[in-house]
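Given as structure tokens, the chain that follows is alone and in the form predicted on its own.
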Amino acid sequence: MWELARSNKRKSIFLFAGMLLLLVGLGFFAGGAFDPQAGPFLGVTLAMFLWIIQLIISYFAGGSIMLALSGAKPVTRDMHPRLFNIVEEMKIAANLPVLPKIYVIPEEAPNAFATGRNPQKSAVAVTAGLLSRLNRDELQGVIAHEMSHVLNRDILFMTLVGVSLGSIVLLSNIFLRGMFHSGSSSRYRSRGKGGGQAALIFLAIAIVFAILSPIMAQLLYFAISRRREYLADATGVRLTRYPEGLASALEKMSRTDLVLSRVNKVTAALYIVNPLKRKGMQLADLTATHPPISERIKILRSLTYGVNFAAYQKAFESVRGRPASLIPKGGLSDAATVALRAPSKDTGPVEPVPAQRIAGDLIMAASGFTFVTCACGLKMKTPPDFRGNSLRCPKCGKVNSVNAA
């Protein structure tokens, strides 16, 4: 696992450096367009200042910002005991030091993501639609995939890469809007011949840079994201030993036309499947920020004899039909036998209620309601002004204690 994380870091650092070069280049030429003498230095300084400020904010609060942007709400064990149980199982399997914080997003579109700074400060968020559609094996596959992002140290790196992309887009917008609204181009034409020519050259290059750098940065961002999604699949099925669970979950998520309402191009790459898909988009077309889901499913369903990293690499090459580098050498030398397990007998949805009811539970929790889950499975809700210490289950008659907040 550590070799996989180190390999991730080594290979991604070059792409990350490419994004920083784009940011510096944009600052250099945009500054030169306004002042050919001192402008390039000031432009680079402004770009780096903007990047560092966003970097500091993201390092200390990136996870919280991501959760707030998605509308995720923290949940208690009493609200979703099965979800907590599955997260605990995967935390033990991944040997993480602490249990990630668990959030539910009140949206019907099935999806999930992990965020945070490191394994000690991480969080996993799933949508209400995911809980109402997936069975235990499928949800376990999704949680294992997200835990793998935590284990492979993807969560902080993707946040930092997203910040770099955001800085490039922001600087590009500032330059283009400033140029067209201030009428700076006419100012350049009125300058002396020597200075005016230099400014026009800077201006032409800066316009090209401002248009192309966000596109190039997004391509780098997506390249980093796609590789990490494959590696998270490989790590996740090693944790669950049941690749069909994740394959089936991906299949269900790709077949819905529901879309997340609170997502953008920067945050989209953090989700397990591309949340920006259009209505009517086919299974094989989901290639923007993520690998094709159909390809991921084929690879997972090719794992019929074991789920170690070498087996995933072999299946990856088999589905692609050509040799391709994915798993680092350390992972390929792993000779550990990781046999497949049998499917769970629990084939119903993890939360056998509509997504709207799960979203309603989140609103009630935010209003101070206490949730009590009886041993028979019935979930009871008590209002904030409830003063009793116990509650009798109307289904089985068992008396449950109520832990007042």
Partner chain sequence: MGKIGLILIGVGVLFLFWVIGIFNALVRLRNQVKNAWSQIDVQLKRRHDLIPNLIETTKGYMKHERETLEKVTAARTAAMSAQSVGEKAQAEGMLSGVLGRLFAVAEQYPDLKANQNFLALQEELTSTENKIAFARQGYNDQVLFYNNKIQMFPSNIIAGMFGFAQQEFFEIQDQAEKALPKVAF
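Here the structure is a predicted model, which is why all the values come from computation and not from measurement. Numbering follows the first chain given and starts at 1.
Only in words, not in the display: the form predicted in complex with the partner chain, which the text now covers.
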Is it the case that 82, 88 and 140 all touch the partner chain in the model of the complex, with a non-hydrogen atom of each within 4.5 angstroms?
yes
Counting only non-hydrogen atoms, choose the one of 111-119, 91-99, 223-231, 256-264 that falls within 4.5 Å of the partner chain in the model of the complex.
91-99
Looking at 159, 313, 240, 172, which is the one with a non-hydrogen atom within 4.5 Å of the partner chain in the model of the complex?
240
I need to confirm a contact call. Of 301, 77, 73, 252, which residue comes within 4.5 Å of the partner chain in the model of the complex, counting heavy atoms only?
77
With a cut-off of 4.5 Å between heavy atoms, is residue 136 one of the residues that contacts the partner chain in the model of the complex?
yes
